[in-house]
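Take a look at this single chain, the form predicted alone, given in structure tokens.
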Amino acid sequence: MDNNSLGELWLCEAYHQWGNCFKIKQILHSEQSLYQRIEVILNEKLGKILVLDGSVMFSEKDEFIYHEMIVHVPLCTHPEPKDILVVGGGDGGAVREILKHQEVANIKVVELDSRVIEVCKKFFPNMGKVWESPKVKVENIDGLEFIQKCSKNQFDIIIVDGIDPIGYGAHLFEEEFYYHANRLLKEKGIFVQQTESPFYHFEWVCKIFGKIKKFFHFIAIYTIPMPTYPSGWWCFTIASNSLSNITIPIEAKGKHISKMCKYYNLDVHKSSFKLPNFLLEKLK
């Protein structure tokens, strides 16, 4: 966080040769947990923003885009998702969206840093209240360590709602993690992970795609606009071993869920898989 010549306080994220800046109206919270710096800042246009180690995780203004799309694309594709694993997701946004699917029976959230959950309960009550649901169970443990100890075929869907592929979360983007994720999925299981900006992080996106492809028969990338993220354009990688139609939503499900969403609908679901040539060519 930096002061400019006018005495204004700004949060500036640096990504090699580029970055984003957010004017800070107020610092609402700042602490150093066992794993990272956790901050909540207030921006006049974006509302409250969660910041981990200097990187923006989400803002109140646009978080619904990310959370709806990381959840409803896989859940509206799977015929009967009952058991869901969320790796990361300590803010509660993904869990909030999963709970819109009445057929879901169990949601296991593996969030290493318990302080993220507690901070979000306080400052983002729209998401924090989801932890009261009897369907939700939380385990504060490293994601790789958790899936290594699990027996196979436990989950219908695995959602990796994690941080960037650097630092202490980097191993969630490695082949060992994908091997165990594949092992944990049931027969019609679906895996989905946030996989950075296809513009600024192009090489990362392609590298991660190649790693996941080694362990799943069917794989695809879909994209979303994300105003507060680098380049304003973000992507997810979705994969399955037996569902070849992972890009096609179940119509009745999609129509029902879209009534509860601000961003997701059937047309958005389908169009999110339309990729530009420069990315298609690299992923062949």
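One rule holds for the numbers: they count along the sequence shown, beginning at 1. Keep in mind it's a predicted model, so treat the numbers as computed, not measured.
Not on display, but discussed next: the form predicted together with spermidine.
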With spermidine left out here, work out from 157 to 165, 72 to 80, 134 to 142, 208 to 216 which stretch has heavy atoms within 4.5 Å of it in the model of the complex. 157 to 165
So which of 243, 41, 224, 57 reaches within 4.5 angstroms of spermidine in the model of the complex, heavy atom to heavy atom? 57
Can you tell me if residue 67 lies within 4.5 angstroms of spermidine in the model of the complex, counting non-hydrogen atoms only? yes
Should residue 194 be classed as touching spermidine in the model of the complex when contacts are defined as heavy atoms within 4.5 Å? yes
Residues in 80 to 96 close to spermidine in the model of the complex, defined by a heavy atom within 4.5 Å, in order: 91
